[in-house]
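One chain comes next, on its own, written out as structure tokens in the form predicted on its own.
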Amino acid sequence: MKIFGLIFLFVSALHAEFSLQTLSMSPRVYLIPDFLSEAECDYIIQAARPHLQRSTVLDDHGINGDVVDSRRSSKGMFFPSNHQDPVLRSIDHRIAQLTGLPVANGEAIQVLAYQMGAEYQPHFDFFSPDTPGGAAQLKRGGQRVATVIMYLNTPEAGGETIFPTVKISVTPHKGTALVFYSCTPDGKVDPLTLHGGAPVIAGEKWIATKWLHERIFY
């Protein structure tokens, strides 16, 4: 499995005039201020709000598909993968420029809303081939290799994105994006990418998430 390397991230970032901040080289974690405009953030929230449902996680046993799990207490929704929305299309192409991974390799944009106290306890975004659920997901485009988290608002307190193994904590700020690679440049899953969403202490947190795979995702 060949993963787009760090050079693609920098070349793409320069081309799109992104302001890139390196938070870690192992795992590869980057912060991009002003990735979304305030208007784009507000648009996504308003478009997603009527469709929110309790968030789920993959059933690793492969019996139920996605299941509700107490470790993840947000509400969320996915925009249709075949959408023609010009705002979302612009963001999809911006993400492709940022990561060096084609639009076709991405899952649909997921929007998540965290109310006070809501969290997502530490987890991995990559799939395990040793579980029925993970093996089934790997057939849909291979491994998840990159995650882009876009902060749609600034919570009053809490809601940080945390990487407990490497002691990184990112405070959400409206319009900022966080990108990290779940696989190392040689294609191995990176256990240092254990991450989570800390509980929201005051207010609420809205994010949009995009996962990118090694091949075309379907």
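Residues carry their position along the shown sequence, with the first being 1. Remember, it's a predicted structure, so these values are computed and weren't measured experimentally.
Missing here is the form predicted in complex with a small molecule; even so, the following discussion is about that form.
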Residue stretch of 97-105, 80-88, 116-124, 132-140 approaching the small molecule in the predicted bound form, non-hydrogen atom distance within 4.5 Å:
116-124
Heavy atoms within 4.5 Å of the small molecule in the predicted bound form: does residue 112 have any?
yes
Considering non-hydrogen atoms and a 4.5 Å limit, does the small molecule approach residue 211 in the predicted bound form?
yes
Going by a heavy atom distance of 4.5 Å, is residue 149 a contact of the small molecule in the predicted bound form?
yes
Contact of residue 203 with the small molecule in the predicted bound form (heavy atom, 4.5 Å):
no
